[in-house]
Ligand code: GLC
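One chain is shown next in structure tokens, namely the form predicted alone.
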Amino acid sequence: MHKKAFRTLPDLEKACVSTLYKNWRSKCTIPTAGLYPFQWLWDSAFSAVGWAYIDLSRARQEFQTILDCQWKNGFLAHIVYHDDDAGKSYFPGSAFQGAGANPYAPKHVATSGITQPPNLGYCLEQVFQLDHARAEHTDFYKNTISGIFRFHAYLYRDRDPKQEYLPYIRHNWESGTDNAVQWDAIWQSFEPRQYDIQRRDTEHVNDQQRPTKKDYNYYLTLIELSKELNFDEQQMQKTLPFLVQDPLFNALLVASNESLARLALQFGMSDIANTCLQWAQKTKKAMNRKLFDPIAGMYNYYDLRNEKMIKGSGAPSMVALTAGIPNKRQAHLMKKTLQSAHYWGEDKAYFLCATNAVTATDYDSKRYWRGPVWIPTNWLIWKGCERYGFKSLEKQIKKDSLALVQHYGLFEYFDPAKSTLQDPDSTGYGGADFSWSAALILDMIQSDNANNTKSRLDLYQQI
């Protein structure tokens, strides 16, 4: 797909809809065929936002299917293996994950033992705003709010050893930004086991666009260490070499707490609303106190195991805008950083928002989260700009996002350099016909239709 894949927005809109239908599997949406053949946690929530414009029953089903596989302790897994036969195209499968022996794990389906960024509450509110039949689905919303609340309670109970209200992640996959440059410092702190495995991802995608074999040694080591501890949270907390307070993860936790609070009030669930508001406020304060870097104009990461700060970089560090975490001064610093030559390039030669500074020595325009533009982080920052009234930046991020998918198609991620558009051999990266790209681009297109969306600014002011 090239030569400007979609010449008009209506053509692009139709492609978004057809992509979601193509990736629907009985009761959930897979990210894309072959490369990711199961249900992924934060992908599914993003997909629900797109389905809300097409088929609200499927939007609700995404959440129902996720919560049907919730662990007894509230944990939600990043992969649910609904159809293990599909695993021939994916590694690691459920057997390698080995999470089923944990006493809290569901017995009716296999899942992984790690999670993903907690965007469910935030995305549920997006669906609720579009649900014209919400009054007929009170039980669904109340049960879903309760399930997501249990997930948040698990994070604050089992992932916050110092009670800082900054839950940690214990695997880089839990960040959603699998091979981000931030993890390089942690990989230097321990020796991984060596694996001779048959990579399935590189059968679908050029290996220059994927994490390296060396990277995978670290990823699989963390899974095996967790398996040996039977995914016992207290033991993993004592033992695992990877414990990180991640700004994107915690920003989405704040955003989802706020959304749950607003939704809970709609259904008379005042105890949940009050608790979520307290969590949101305390995590906001903790992020600003511990993670904000006024010199860099973004939020950093904190390595709990080695007790040291890791510098933030790019779009993932900017998602705090979505949750209203920075004050006005901090938010303007973040805006200035995004619009600097480090991210926009000289003479605005790059599309926003790269996942690593384009001037950084470890910037890689092709390799997954080490440089490329991703639609989900763009969408979240776009929402954040709306929240802070950064109209010109909001408009630019939407314009850049649409330009990339119109030119290349609904790929997983994209080269930020505008110059690549002139190369007839250039392409989008990762999986094609990607669900979250389709769903969130559809929301961007529909955002101009005042009949489809309520003002988020009005909703934020209710807190």
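Owing to the predicted nature of the structure, the values given are computational and were not obtained by experimental measurement. The numbering used is simple: start at 1 and walk along the sequence shown.
There is another form of the same protein, the form predicted together with the named molecule; it is not shown, and what comes next is about it.
Proximity to the named molecule in the predicted bound form, taken as heavy atoms within 4.5 Å, picks out 431-439 from the listed stretches 395-403, 56-64, 414-422, 431-439.
Put simply, Pro118 is far from the named molecule in the predicted bound form: not one heavy atom of it is within 4.5 Å. In the predicted bound form, the named molecule lies farther than 4.5 Å from every heavy atom of Gly409. The named molecule is not drawn, but in the predicted bound form it has a heavy atom within 4.5 Å of Tyr36. Residue contact check for Tyr368: one or more of its heavy atoms lie within 4.5 Å of the named molecule in the predicted bound form. Exactly one listed residue, out of Asp364, Asp160, Glu224, Asp178, brings a non-hydrogen atom to within 4.5 Å of the named molecule in the predicted bound form: Asp178. For the stretch 17-47, the set of residues having any non-hydrogen atom within 4.5 angstroms of the named molecule in the predicted bound form comprises Pro31, Tyr36, Trp40, Trp42, Asp43, in sequence order.
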